[in-house]
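Shown next are two forms of a single protein chain, provided one at a time as structure tokens under the names structure 1 and structure 2.
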Structure 1
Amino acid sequence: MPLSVDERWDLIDRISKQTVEFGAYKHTLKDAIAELTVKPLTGLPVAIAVIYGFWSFFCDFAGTLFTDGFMVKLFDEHWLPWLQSVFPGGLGNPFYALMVDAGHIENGVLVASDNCFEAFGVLTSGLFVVFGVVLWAILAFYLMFALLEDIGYLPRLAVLVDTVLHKIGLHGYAIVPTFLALGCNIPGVTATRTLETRKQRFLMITLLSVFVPCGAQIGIMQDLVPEMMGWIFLTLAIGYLGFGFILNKIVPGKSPEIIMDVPPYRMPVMKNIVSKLWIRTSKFLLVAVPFVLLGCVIVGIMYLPQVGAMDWLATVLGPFLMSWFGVPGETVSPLIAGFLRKDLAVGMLGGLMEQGIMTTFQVFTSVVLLCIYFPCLATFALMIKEEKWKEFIGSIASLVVMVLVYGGLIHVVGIMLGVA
């Protein structure tokens, strides 16, 4: 016969009295550090320092050291020219365009590309995006993340941001799915299972899929528009908090308080860090590589002059994109690629920037739009699996509204500032 809750605690009390003895507890250095990192006065500066360190490592290790220092040179100066010289077909040939270089029109003449953002072939841009840029960003991100995880810092961060996140119907622990999603949205969405109510999961999944860019995307953005990153993150954070606040008001359901364990700080174990890094990175490559290459092929085909689908879409959707968001019709192609992979899509924006057809503000708006307009296909599929139908439709509906409102708002702000 099962016991009642009280009877069970009675029994436990009796057992522990006979078997457990608490000695005098000594305050250790570990405890002192633990307290410093959760008290707001000292904890906030520590949090800022940690995040700043995280970001610097991300930029220096992935961006400066690997991508700019090594991969860009390898791909642009050796790989691309070599392929251009040996691949059969040549400029103007459809298969050559798909695989190596589609080229672009300059003064009415089709000219070859001189970098892998522009070329847009499967073997050039496709491989460059994955192995030249994104892989290093993902590695840097997950290395830092694994360290923070195993030391036990994340729950402390959760305690610190608890008050803020309560305003948007979540609690401090929502920082974990959010942080995970910054690496890849897929584990972020999965991690929402630790949230208690359907309302909280709905809020979290919706906000994640709209306002949290993934590591692959951040890596590419950092490479293309490093000077804008601050503004981009600020815009996304305002959207996350602002729309979270509104959704919390209109979505029915409860947002209970969480009672969470803050684990003790521990020394990370090297073996564990390495194995996590390996599992996460290989999982990432498994999803990313096929999608990026597929995306290259699909967009490449739509671009072919013989097909002309991209020009047609740019003409049809161009006026809407221009009047509502203030971005040129050409952004249609990255937006389409973005359904498959965000990193690829941002890479395509790079190609457009190189051709000089966008103002700085338009680049900014396009990058933000690419972040928010649709979760990538893999995340989208996971949302179908994780959410009940009603919530899924709710997520998509909120997504559409948020993109239109927020994208339009950014345009309006640009007009008022006189930069749009």
Structure 2
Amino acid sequence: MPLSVDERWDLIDRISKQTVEFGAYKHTLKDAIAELTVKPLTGLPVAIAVIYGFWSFFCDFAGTLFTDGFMVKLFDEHWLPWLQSVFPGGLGNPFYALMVDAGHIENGVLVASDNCFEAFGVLTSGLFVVFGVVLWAILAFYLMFALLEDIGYLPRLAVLVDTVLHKIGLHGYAIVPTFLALGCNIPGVTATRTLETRKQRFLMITLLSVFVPCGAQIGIMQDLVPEMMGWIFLTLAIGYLGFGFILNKIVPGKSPEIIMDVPPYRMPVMKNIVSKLWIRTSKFLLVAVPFVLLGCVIVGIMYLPQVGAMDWLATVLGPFLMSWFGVPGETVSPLIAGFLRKDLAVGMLGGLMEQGIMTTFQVFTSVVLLCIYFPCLATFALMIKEEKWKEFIGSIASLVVMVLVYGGLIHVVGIMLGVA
């Protein structure tokens, strides 16, 4: 027999008396920390300290301990020389150049490479980028992200940045797709599904695909140009907020207020951490390895003297790159490779740096251009899936405009400072 409204409330009252205990509230240390980390005055210094600790662990674990301390020595001192000695063909052979070492010209003579960044081979540069640099960068990033997620800090960070992100049409929870994209753009774009409106999803996907480098790319940049990392991230952050503000004014639609639960701090569960780390890292490697190796093959074929495609593209596009962005024509090949994998493309810049082709400011400009000029192929494919065709065209059009405008502005700033 159905209960009346009064009978339902009586039943609720009886159940609550049997299950709810009332007592004096005790303010614990955990409660005090939770309050301090969500208030701007105390929360912002804590956020800066957390991000600094996050970055320090990332650099020390991925860059110093594994990549520089072990993998560089393994690949450059053992793997590369061994392949150069046993692989059939030798310098000048097209198949050898594609798989092991394309070599480089010194005083008119083709000489062998002494490191994997210069070699450009599928079995050298390709494997070194994935297993020598990227794997450890991704492990470090997702380990720290999983810890912050399990502890309950990310919702507090979302509350802290909510006011700033509202200026660009987003709300605080957009910090989660942004952080995920710093590991890999693909889960970052996927996480935009949690945003409420089409406008917010369009803004987030567009900004992620332009101004947020993935963990693999960051790992390569940290290995190649550690002294420039602060300037690179500052430049990307200015672009993220500046163009986000402009897009928010142009793109129609609503940007609702943030409504979210801020859970209490909890001890992380090791089983959860390991599970998240395995799922995210394995999925990344399934995407990264094929595209990096494919990128090496495509770029290697275009570099072959018998094909001559890269020299032709450098001749055609070189004047525009030099006049508009202030970078040499040799950056054409990394830009092409960047469409397949950004980490591979930044690694190719390392080879150009070793050859002394670029100045310091040109290296800085080239790295920023690789970050912003186009999403990698996997992210590009996901954008097609996640956006309606009008939104997708809008994202690509916005991307082209932002690259031309921002890249040109960086060149102008370099000229004004006398370093371009």
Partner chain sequence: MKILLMGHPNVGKSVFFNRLTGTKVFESNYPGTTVDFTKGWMRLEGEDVELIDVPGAFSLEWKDQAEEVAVKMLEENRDSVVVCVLDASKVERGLYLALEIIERGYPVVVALNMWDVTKDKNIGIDVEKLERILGVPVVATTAISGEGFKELVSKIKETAPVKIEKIIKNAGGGESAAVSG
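The term rigid core refers to the most C-alpha atoms you can superpose between the two forms while keeping them within 1.5 Å. Residue numbering: sequential along structure 1, first residue numbered 1. These figures come from a predicted structure and were not determined experimentally.
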Lone-chain pair; form predicted together with its partner chain identified as structure 1
Residue 400: CA shift of at least 2 Å between structures 1 and 2 after core fit? no
With the core lined up, does the C-alpha of residue 11 move 2 Å or more between structures 1 and 2? yes
